[in-house]
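Only one chain is given next, in structure tokens, and it is the form predicted on its own.
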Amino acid sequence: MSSVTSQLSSRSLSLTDLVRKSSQTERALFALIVLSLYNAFFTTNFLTVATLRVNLTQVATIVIVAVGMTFVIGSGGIDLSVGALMAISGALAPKIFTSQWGPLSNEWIGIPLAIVIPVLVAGAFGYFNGYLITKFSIQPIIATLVLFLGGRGIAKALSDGNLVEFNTPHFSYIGRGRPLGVPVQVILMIVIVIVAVWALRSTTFGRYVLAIGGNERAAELAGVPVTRVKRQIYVLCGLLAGLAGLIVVAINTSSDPYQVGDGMELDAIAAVAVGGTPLTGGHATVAGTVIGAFFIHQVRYTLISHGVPDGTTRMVIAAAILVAVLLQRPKAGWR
């Protein structure tokens, strides 16, 4: 009897040891697999192609924004303005391609500009965030709070506070197009993830990002152009948020300044934290962020599919962030 108890205890300790030694990314992947298995058995139509396509379409914007957030958090910062920048981009695009002014009335000029200009404007607002942080030494959470509060007001002003509907197939293609049966935003997501993984692992910029997040003062003494790189990081985050905003309004064929990007800050930060990038900076994993984004989306999909209100879903996602942060702290981990 004692030998059986000893074996069970040994197995329990081995499991505990395995969990303790696993990385946060591995834990997130395991949680995603468990949640997917649950949905496969208990959620209607989960394994259909239509459901897969819908889930990929919805998670793509989270991944795109979360990739930019990965660089920001990897550098030791945070960006609360991404949802507002999505709203600004989404509100500006229809103003351009529905304009009757001069060259903009030409579809072949107006639509490309309606894609490029809003993304660049979002990038410019990202630069504004980086400028506040580097020029005035404002904490990132405070600096980006400015646009978190004011940015959506800009979006409302651009659309006069109204829902703007449109029927422009060439613009909607970035949200509704299906080349070879694959949603355009999924293709964009894959390309962005691949480029981000390469940039973080194999470029000087990526090494600078992590060096700044690890020890900004030491990085500066080592010759890292801290000010320039930090501004570039927030520009990158702004550009990706702007692109995500265009995708959302293209999918909906309408722009709602109240809804576009609403809560995206929470989703993006949650995806990064759950995926294994510490909120203290110095380390970042784009692959982990992708896993985290899929996990966050799966949590929302599962709860909504089973009739749980959206407010409760947000609380669960917030709890996921808390758990992820606690697991990243050595003293809060397994013993």
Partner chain sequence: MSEHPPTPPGSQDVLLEMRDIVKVFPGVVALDHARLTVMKGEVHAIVGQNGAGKSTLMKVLNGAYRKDGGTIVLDGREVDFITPHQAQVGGISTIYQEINLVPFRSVAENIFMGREPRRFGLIDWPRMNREAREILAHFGIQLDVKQPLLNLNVALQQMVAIARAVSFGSKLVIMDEPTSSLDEREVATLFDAIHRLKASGVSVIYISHRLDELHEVGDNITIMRDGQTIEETSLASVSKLEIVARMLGKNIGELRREGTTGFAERKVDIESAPFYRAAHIEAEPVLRDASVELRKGEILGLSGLLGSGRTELARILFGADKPDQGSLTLDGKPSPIASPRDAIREGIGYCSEDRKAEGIIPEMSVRENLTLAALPTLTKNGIIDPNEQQAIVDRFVALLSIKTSDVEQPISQLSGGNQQKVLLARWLCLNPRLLLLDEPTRGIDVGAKAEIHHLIETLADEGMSVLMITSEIEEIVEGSNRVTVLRDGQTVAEFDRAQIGQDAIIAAMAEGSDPMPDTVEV
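Residue numbers count along the first chain shown, from 1. As the structure is a computational prediction, the values presented were derived from the model and not from experiment.
Below, we turn to the form predicted in complex with the partner chain, even though it does not appear here.
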### Task
Given that the partner is absent here, state which listed stretch (238 to 246, 100 to 108, 199 to 207, 116 to 124) has heavy atoms within 4.5 Å of the partner chain in the predicted complex.
199 to 207
### Query
So which of P179, G223, G161, P169 gets a non-hydrogen atom within 4.5 Å of the partner chain in the predicted complex?
G223
### Message
Considering non-hydrogen atoms and a 4.5 Å limit, which listed residue (N215, T253, Q259, T134) is close to the partner chain in the predicted complex?
### Response
N215
### Task
Would you check, heavy atoms only and a 4.5 Å threshold, whether A219 touches the partner chain in the predicted complex?
yes
### Query
Are any of the heavy atoms in G288 no more than 4.5 Å from a heavy atom of the partner chain in the predicted complex?
no
### Query
Is G276 close to the partner chain in the predicted complex, meaning a heavy atom pair under 4.5 Å apart or at it?
no
### Query
So in the predicted complex, does any heavy atom of A211 sit within 4.5 Å of the partner chain?
yes
### Query
Though the partner is not shown here, which residues of 102 to 137 have a heavy atom within 4.5 Å of the partner chain in the predicted complex?
none
